[in-house]
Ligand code: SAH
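The form predicted alone is given below as one chain in structure tokens.
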């Protein structure tokens, strides 16, 4: 039995893809293990959004291949996912000993590729980055244990052309699964004990665009949310990743209409400067983000927001950044993915260069991180003394306690028996840190 370790870098979609690949391999008799030590096959599923993520993955693969040349590494090393799709056979120039390169749209074929590589006495590298038009058959879900909270992929690809983004290259054109296929997966998860599902896509709140019709003024995405909410056993619904243009009035209203829809949404605004938003090819102005934040909080009192921000986009001045900083502070985001601009080959903005000094990018990033840390700490402290409804997901990583989340995406650690896993329990919040709450059963 061949032992496989899958190392994942990147977003929830990467994590979901790795779960699916693991399930496929187990079905073919492979042993998938959490630890790298002792594995004779190591697959690296990696993000391509930032140059640093690519270099980290390439460095890891190079280390494994050097170990193999020294007689102590894995038998096969492969790179999967977004970077594989983006760079394809060019990866062999950096890593000539690499065995396997499989893109985002060909992950289902990994067992076949591994079977052929293992059956050849002197295997040649296999590169498979072909594009597939459909997206009806998702990868299977995680199969080794009950999932209290599960990812369900409903949409792939993106037809937007944001100047900094490589996703249209790595994930292809927008494609949506049928509602029937999605609901069958959700029902199967619920029957196995899943209580929370997160609907995934590159631009998830544009689900069904171009392939399904709005009916009665209701977008395909909101129609899907309503049907998922009707599945017995599903207590919570989340969705990511989003785009501001996908927050139509019916989606905002759904947060008041559907109790299963969690009181936390992702509202990526990228920059508070209209000039920079235009340069980024983002089809909205900063005022739209302000109005959306207000509307969402009115629809669901207590709503928490997260966001994405890029600092140092080409041409960003201190005045541009000051607008970003002011909007970031004003809207009170509790979670955020904050990045320094990283030019990506093949993106519309690559020709703009990278003309904001690295030190300035670092300083701007630090200013936003400080605001975010203060906001997160302040809001967490405000929860002390309150009682929160928590979905207990499993053991806390530090051991000895349980971990769960509130509907507002606040992480809670508490004491209790393992029988609480999968249950919604009332928790009295007794303490708080910057990234978590401490609690006891009420």
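Not measured: the values here are computed from a predicted model. Numbering follows the first chain given and starts at 1.
The same protein also exists as the form predicted in complex with this ligand; that form is not shown, yet it is the one meant from here on.
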Quiz prompt | Site status for this ligand placed as in the predicted complex, C-alpha superposition, 2.4 Å backbone or C-beta test | solution = open
Exercise. From the candidate stretches 26 to 34, 369 to 377, 383 to 391, 48 to 56, select the single one in contact with this ligand in the predicted complex, where contact means a heavy atom within 4.5 Å.
Key: 48 to 56
Quiz item: What is the one choice in 153, 304, 270, 176 with a heavy atom within 4.5 Å of this ligand in the predicted complex?
Solution: 270
Practice problem: Could you tell me which one of 101, 225, 242, 114 places a heavy atom within 4.5 Å of this ligand in the predicted complex? | Solution: 242
Exercise. Classify residue 342 as contacting or not contacting this ligand in the predicted complex by the rule of any non-hydrogen atom within 4.5 angstroms, answering yes or no.
Key: yes
Self-check item: Heavy atom of residue 310 within 4.5 Å of this ligand in the predicted complex
Solution: yes
Quiz item: Might residue 282 be said to contact this ligand in the predicted complex, defining contact as any heavy atom within 4.5 Å?
Solution: yes
Practice problem: Please run the contact check for residue 202 against this ligand in the predicted complex: heavy atoms, 4.5 angstroms, yes or no? | Solution: yes
Quiz item: Which residues, if any, of 154 to 174 lie within 4.5 Å of this ligand in the predicted complex when only heavy atoms count?
Solution: 164, 165
